[in-house]
Ligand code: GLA
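We begin with a single chain expressed as structure tokens, specifically the form predicted alone.
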Amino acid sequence: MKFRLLLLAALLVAVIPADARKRPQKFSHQTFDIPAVQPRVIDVETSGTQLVLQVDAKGTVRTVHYGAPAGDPAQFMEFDAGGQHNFSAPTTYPTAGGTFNGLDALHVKYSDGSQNTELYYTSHEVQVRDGITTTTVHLKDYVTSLEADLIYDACVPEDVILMHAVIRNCGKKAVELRNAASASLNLPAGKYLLTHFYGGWATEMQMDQTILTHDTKVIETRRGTQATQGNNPSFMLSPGGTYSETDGEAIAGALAWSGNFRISFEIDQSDRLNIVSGINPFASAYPLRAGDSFTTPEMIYTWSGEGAGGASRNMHRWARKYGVWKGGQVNPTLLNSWEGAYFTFATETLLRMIDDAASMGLEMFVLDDGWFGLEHPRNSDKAGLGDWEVNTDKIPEGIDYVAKYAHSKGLKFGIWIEPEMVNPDSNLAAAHPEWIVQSPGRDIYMSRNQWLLDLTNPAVQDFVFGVFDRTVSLSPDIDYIKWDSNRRVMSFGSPYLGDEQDRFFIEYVQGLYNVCRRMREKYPDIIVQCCSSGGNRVDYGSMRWFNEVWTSDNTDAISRTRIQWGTSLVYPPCVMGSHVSAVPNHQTGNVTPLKFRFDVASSGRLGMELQPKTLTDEERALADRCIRSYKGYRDLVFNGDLYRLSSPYEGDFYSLMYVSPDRRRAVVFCYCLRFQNHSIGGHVFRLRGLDPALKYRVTEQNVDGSCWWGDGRTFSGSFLSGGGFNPVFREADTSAVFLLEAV
């Protein structure tokens, strides 16, 4: 035994380098003095909400209040939000490192391998401009010289606060951002009901609800481009645990980012809720060189004491003013060629559809996919994408001829593009294989017969902008562009980025935004629709550049009730393109009455997507009538306040209404989704948002005989809101639209 121990000791000595055996092992520990600061509170207010941050003597910043106005913020100086005597409580922008071990908003790896960051307050300032109060809080890690600015833009009249961060590497060596969230919001102990959104192609923005429990609930995507197909980067939170459209507190949140995102909800051991939101750190360890900075996307928050409906209205008012390109602008009704012609058309087909659109009172004709490709003609989705020459076999006269014909009929003209994608069967794919997203040595996977162009590459950005630019130059009479995106990222990789592939998911979106910025600098007045196989880019990152979104490829009216309800919780109805299509519906096979289809589509931006010649004379007359009446109240849809009256998730009826800001006009939409009992009289809808003292004349639209006994008569706002409005529905898939005007 003794021999074996001696042998083992000799072997250990042999494997230890000689210089290490001679060198004494020392551990150097140097601490940095953190300057003391004067304790204070930082107040961020809107007209109806308040956010209060508390700074202690060490410089630790914590959120102590978000919600209803609480008065003088100095009252929170000594307020204990669970942090002063709890080292594990999150700060306002929690970091990986220090004493905290919950959800981090910032995780940095430094050049020496360390991953600890502790941010302390250094100063803050406030600026006021054009109804927005901007508060910037400066934080610093004294060991690494990393700095972070937390920026709060309070949109005062709209009761919305935007939060984002700027991370600066003020050290001398590069660092790696492993997570840099936009914001962290810490809320007091309580029971929280989370409403969030899920779906897929043709089932976008389905509403889901769950009570948050201890541990972490995560909403995220890793799709890259069609980021909102599965989940949407938005939510509604109901403190108290009960969802209500009209009563109690509600917090709505939305991330302005069109790529991979992650929103995490963690209830800790103290029952406090911490919400961390931002770019998904998946495969995105972002290098930050010495002297460089990184700006996160904005996280948008609003609070309301009037339930989810109040939070939605706050968000909608903000979006119309700041969040959507020319938000609130009334966009034209239209006929889109897609479901009426698909890829099979000639010039004559388009001209006759334009004639029909004009005769029905529509205001624009949109030529969808299939108009381009010479050597690789776009006669299906298998070829031509990337080669943006006009297909002269289909349209020998050219796009300008068709656009001018539309204008001669009093219509605007629009056209479809999909500039981020390429078919393998195209000249572009052959000429620039290095422009395609790919991973070396691996298959380039197709989806919908397409490959994805690499927007991290400035040359590709130039090409994509060029597609838009050259398409608009096809005619001075192009008024509208439908921008589509029909696939997600697979087997991600960029030949342009070389060995810095971690930048791909972030820089793809930044590249897209660079193109959009150039688009709007040159073409501020062209109406541009954001389409991504339907509603797979419904987010406030995209909407700042686009006038509207294509809410879903599913044009079925029954399906659209849920899709449009969910979308309206966070996004304004003025952006929702909603079309009347043929029956049986091309996506679901459902057969619904034409009036029902019009009444559903009229609660958004109304359009049609069918071959008008398939309509009977009676249907044409009804279409003319519905389009004409829509023009009389669409200003309410685009700029009115939305009140959701009954949910398609909860019963046989779905109803909503829009009210003008002065409360003198309103339009009410009522839908019977299922009918079960002929013995029941009218269904009561309690109208909202009306002035109880005003008298309103109520007129049902697009019918000869009304479903309500009070049609054409005048009633007080209090009567209509108190249960007196009870139209009668005797069949499923029936509907009614009522216009209310003060007298």
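Residue numbers here begin at 1 and follow the sequence given. Predicted model only: the values in this text are computed from it and were never measured.
The next section is about a form of this same protein that is not shown, the form predicted together with this ligand.
Trainee: Can residue 448 be called a contact residue for this ligand in the predicted complex at 4.5 Å between heavy atoms?
Mentor: Contact with this ligand, yes.
Trainee: I'd like to check something about residue 550: if you look in the predicted complex, is any of its heavy atoms closer than or equal to 4.5 Å to a heavy atom of this ligand?
Mentor: Within the cut-off, so yes.
Trainee: If you check in the predicted complex, is residue 368 within 4.5 Å of this ligand, heavy atoms only?
Mentor: Flag for residue 368 set to yes.
Trainee: Could you tell me if residue 237 has a non-hydrogen atom within 4.5 Å of this ligand in the predicted complex?
Mentor: The answer is no: residue 237 has no heavy atom within 4.5 Å of this ligand.
Trainee: Tell me, please, which stretch of 109 to 117, 481 to 489, 565 to 573, 184 to 192 lies within 4.5 angstroms of this ligand in the predicted complex when heavy atoms are compared?
Mentor: Of the options given, it is 481 to 489.
Trainee: Considering this ligand in the predicted complex, which of 646, 533, 456, 169 comes within 4.5 Å of it through any heavy atom?
Mentor: Spelling it out, the residue with a heavy atom inside the cut-off is 533.
Trainee: Of 318, 435, 513, 338, which one comes within 4.5 Å of this ligand in the predicted complex, counting heavy atoms only?
Mentor: By the 4.5 Å criterion, the partner-contacting residue is 338.
Trainee: Within 384 to 419, which residues come within 4.5 Å of this ligand in the predicted complex, counting heavy atoms only?
Mentor: If the 4.5 Å heavy-atom criterion is applied to this ligand in the predicted complex, 384 to 419 yields only 416.
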